[in-house]
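Only one chain comes next, encoded as structure tokens, the form predicted on its own.
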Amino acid sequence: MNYITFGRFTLPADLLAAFAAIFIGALIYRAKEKKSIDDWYWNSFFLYIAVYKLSYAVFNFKLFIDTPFSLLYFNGGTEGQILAYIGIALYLYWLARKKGNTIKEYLPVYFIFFLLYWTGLFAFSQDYLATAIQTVLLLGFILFFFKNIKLAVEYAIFFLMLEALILSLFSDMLSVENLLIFALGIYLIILQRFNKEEIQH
């Protein structure tokens, strides 16, 4: 894992890339839609962080009971990440059942966030070739987004495959973190597809 140092503070590059992607993604959405992004976006990140951190207590219960403040410094690891993504998937499913019209925002926002995230991660890691190629894909999707082109299943799979190609060249595409991100993307594609069929019926 790469780290970035700011004065006396050292932070993991993936954490910085994630926070940058969260706020830049919301700004891109606002620039295009002329309104703030709905609460589901912020709630999803809050849910991810809460489950990821609190899962430490579940998987290390004895250590947590002995030293409760260890929760401040540790997280649930890989198992916690898996639980956090499952939590997001269940939350978005529940929301889709409650507000069917929100679901059309999920996929474009998913791509904007994660394309920004990977671009930032490559940049913070000083992998400039990967950053340049990732930026081209990011700009291509943003252009797609601003042109109001409907993100059909075929387009979504196309962008996922392009991202998989970049990660296979410059990163570990089969890492748990990347596989969970791809799994969430495939889940959202399926969710959008089923929601569309339900509306048509």
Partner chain sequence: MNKNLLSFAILALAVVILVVNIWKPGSTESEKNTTAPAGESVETTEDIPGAKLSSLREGAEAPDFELNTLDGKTIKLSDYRGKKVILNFWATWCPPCKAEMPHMQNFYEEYNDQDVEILAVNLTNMDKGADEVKKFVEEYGLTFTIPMDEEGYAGTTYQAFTIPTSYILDENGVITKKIVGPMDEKMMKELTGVK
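We call the rigid core whatever largest set of C-alpha positions still superposes within 1.5 Å between the two forms. Computed from a prediction, not measured in an experiment: that's the story for all the values here. Positions refer to the first chain, counted from 1.
There is also a form predicted together with the partner chain; it is not shown, and the following applies to it.
The candidate site formed by N75, Y155 and L162 is fully in contact with the partner chain in the predicted bound form, as each residue has a non-hydrogen atom within 4.5 angstroms of it. Residue contact with the partner chain in the predicted bound form: L27 places no heavy atom within 4.5 Å of it. Within this chain, L169 lines the site of the partner chain in the predicted bound form, having a heavy atom no more than 4.5 Å away. Heavy atoms of N43 never reach within 4.5 Å of the partner chain in the predicted bound form, leaving it off the interface. By the criterion of a heavy atom within 4.5 Å, F69 is counted among the residues contacting the partner chain in the predicted bound form. Residues are counted as partner-facing when one of their heavy atoms sits within 4.5 Å of the partner chain in the predicted bound form; in 3-31 these are Y3, T5, G7, R8, F9, T10, in sequence order.
A displacement of 2 angstroms or greater separates the C-alpha positions of F9 between this form and the one not shown, with the rigid core held in common.
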